[in-house]
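Presented below, as structure tokens, is a lone chain in the form predicted on its own.
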Amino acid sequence: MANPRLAVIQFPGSNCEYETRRAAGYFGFDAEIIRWNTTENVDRFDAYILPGGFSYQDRVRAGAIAAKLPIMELVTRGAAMGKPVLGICNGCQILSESGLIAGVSLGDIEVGMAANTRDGHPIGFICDWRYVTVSNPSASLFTRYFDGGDILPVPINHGEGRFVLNQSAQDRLSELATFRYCDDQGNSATTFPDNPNGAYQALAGVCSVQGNVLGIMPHPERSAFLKQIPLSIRGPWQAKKQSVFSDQVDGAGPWEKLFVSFYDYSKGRM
């Protein structure tokens, strides 16, 4: 049987599409980069990733313009059919503006992405490494291979990464799989820099109620391989030997569980 077909959607201003395709391909996907103005045969793909970058220069709000493109109507239709959709950084912002994160009321914007703050004051763009943990991993296809003890190093690169939720999303948050910022021991992040942007409940990523859509602000594709992880921050993850495949430098890194689960689910739907 063929591998699942994955569309990495390139928007004007995307800058992570090639490394995203490389990471997805390593874990088995038949990954292809398609352009934002493609509307034919998009339904042939089994899964979708919206990569990081700065679509339309983040004008109006990050992701706001890209979310209105015809291709996002096709992605929304695929998500409603159960296809997995992953949005990373700017892709997360686009999913937010499309009403696909949380999904308590399909199509409603329940989760927004606001400017980074520290103690309530704007702090601008952040480029750094942080740690996250997973809450309620069994609730999503992307997180089901993680457990509550996983501490995942991951890079962040964003100016509007602060999750804000409306009341309906807040009321259902305990049912959703979420990534949350923590310190290097896995303790909940309450202050800067462990919580780098002032996000609600230190959220770094939120899945949909249906479990097949994930918006995440950090970059798992930039930490999919062990060689991408600085030695200075590898310790908490590597000490627990959380890699499924290998601890070799050219092998899989902290986020392989996400990609392998993503692949297995997509393969199972074929």
Partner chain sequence: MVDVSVYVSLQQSDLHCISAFESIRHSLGFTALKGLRRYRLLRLSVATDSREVAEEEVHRFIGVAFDIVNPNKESVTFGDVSGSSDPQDVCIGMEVAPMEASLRVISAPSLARFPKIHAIDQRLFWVLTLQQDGVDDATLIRSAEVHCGPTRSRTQGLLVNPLFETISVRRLS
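Nothing here was measured: the structure is a model prediction, and the numbers come from that model. Numbering follows the first chain given and starts at 1.
The protein also exists as the form predicted in complex with the partner chain; that form is not presented, and the subsequent description refers to it.
Asks: Does the partner chain, in the predicted bound form, lie within 4.5 angstroms of each residue among A24, A31 and K83, using heavy atoms as the measure?
Replies: No, because A24, A31 and K83 lack any heavy atom that approaches the partner chain to within 4.5 Å in the predicted bound form.
Asks: Which among 66-74, 201-209, 31-39, 224-232 is in contact with the partner chain in the predicted bound form, heavy atoms within 4.5 angstroms?
Replies: Stretch 66-74 is the one.
Asks: Using heavy atoms only and a 4.5 Å cut-off, determine which of A79, A189, I126, I109 is in contact with the partner chain in the predicted bound form.
Replies: Of A79, A189, I126, I109, the residue with a heavy atom within 4.5 Å of the partner chain in the predicted bound form is I109.
Asks: Considering the partner chain in the predicted bound form, which of A139, V164, I156, L173 comes within 4.5 Å of it through any heavy atom?
Replies: Selected residue: V164.
Asks: Taking any heavy atom pair closer than or equal to 4.5 Å as contact, tell me whether P122 reaches the partner chain in the predicted bound form.
Replies: So P122 counts as contacting the partner chain.
Asks: According to a 4.5 angstroms non-hydrogen atom cut-off, is I101 in contact with the partner chain in the predicted bound form?
Replies: No.
Asks: Taking heavy atoms only, is C89 within 4.5 angstroms of the partner chain in the predicted bound form?
Replies: Residue-level check for C89: no, no contact with the partner chain.
Asks: Does any part of Y56 reach within 4.5 Å of the partner chain in the predicted bound form? Heavy atoms only, please.
Replies: Y56: yes, in contact with the partner chain in the predicted bound form.
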